[in-house]
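Encoded as structure tokens, the following chain is the form predicted alone, with no partner shown.
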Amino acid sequence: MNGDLRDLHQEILDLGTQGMVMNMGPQHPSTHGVLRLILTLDGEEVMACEPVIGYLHRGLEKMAERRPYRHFLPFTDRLDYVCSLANNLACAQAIERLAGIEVPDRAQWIRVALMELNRIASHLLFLGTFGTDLGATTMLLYAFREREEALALLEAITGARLTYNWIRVGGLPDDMPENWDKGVLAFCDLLESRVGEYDRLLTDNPIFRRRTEGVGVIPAEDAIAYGLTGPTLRASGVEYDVRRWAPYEKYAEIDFDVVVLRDGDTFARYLARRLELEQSVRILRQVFDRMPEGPIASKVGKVLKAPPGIAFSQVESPRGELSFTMVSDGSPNPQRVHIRAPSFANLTVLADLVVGNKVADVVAILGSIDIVLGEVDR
């Protein structure tokens, strides 16, 4: 990643040293999806890495251009399927801005609650699988214990556990179930009482720290140059969070801290997500403290046509900045759709980041970036 490692890599290539080529993936259990890494090794040291993507490419942007605006919303669940509500929201916001549709206040507050509850579920999945990547299988059991509670709450309001398709253009399809807010607040209390166990299992674990501290360091300037976003960027000391710097829905009215760490290593990327759990709890409590009464959707015609123009929408997904750009020519279908997926940008750093590290560290570094291949390939 740094200049010294790049120089070492180039020197090896100039000498014509023949390393061993090893395929990691595309079905390796530690690649978090159908990702193939072609590693060139000198013993256990990585000399070069070539990520191979595309196994999940489905042409989703072209699908969006061949369908009426609202018909594409269910497809967005298949981008980042670990946090599909963020995809629903980013797409719906782009359509709303293109068509000039206002979203009622109550719907905006509920949307924020859904975003943060889904963020918690995503980060808990990360904590569990990342611990397993490094041999701490117990962490998976603990994290999934709380994640099950989060998914039960999401299922209670949406009827689904993974691909929700719950956000609509103009608001939401239905209001919160009775006492759903009390259930979310009880879950917040539960999660706060359990994060200390996560710290004992991982954060304060000397073996875990030796495997992650100082490994895969991304300096702030490199993180910016690669276009990294989300916890991967903020772990390198760059304070950028879409919820704070380009607030959407009701985030401008909510008080929370942007978690920023300085070391930029694998441990910092883990810790950023662990600390964000508490900030999401803090946001959820404010949401239900300020929740107004009122409608949960604006009236939208059966055939939605947006005037000619262009709209841009961005949200802070658990993996970083997710944005939709839509172009309208006045027809019922968008003329052009472009999706900026955080996992795709974050993955670009991997090829340089793992050079000079051991094979076992490749698994740790990749896990700390927390990618979802559904939005990498699209």
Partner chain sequence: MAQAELKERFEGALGGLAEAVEAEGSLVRVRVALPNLRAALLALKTSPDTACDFPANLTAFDTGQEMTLLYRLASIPNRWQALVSCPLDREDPKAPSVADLWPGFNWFEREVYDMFGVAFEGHPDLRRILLPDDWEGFPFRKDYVSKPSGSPLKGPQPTDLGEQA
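What you see is a predicted model, and the numbers here were worked out from it, not measured in a lab. Residue numbers count along the first chain shown, from 1.
Omitted from view is the form predicted in complex with the partner chain, to which the following refers.
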Which single stretch, out of 283-291, 106-114, 185-193, 304-312, brings residue heavy atoms within 4.5 Å of the partner chain in the model of the complex? 304-312
Can any non-hydrogen atom of I95 be found within 4.5 angstroms of the partner chain in the model of the complex? no
Could you confirm whether A90 comes within 4.5 Å of the partner chain in the model of the complex, counting heavy atoms only? no
With a cut-off of 4.5 Å between heavy atoms, is L172 one of the residues that contacts the partner chain in the model of the complex? no
Does any part of W245 reach within 4.5 Å of the partner chain in the model of the complex? Heavy atoms only, please. yes
Hey, with the partner chain in the model of the complex, do I167, Y251 and I369 all fall inside the 4.5 Å heavy atom range? no
Does any residue in 310-337 get within 4.5 Å of the partner chain in the model of the complex, counting heavy atoms only, and if so which ones? I310, F312, Q314, E321, S323, T325, V327, Q335, R336
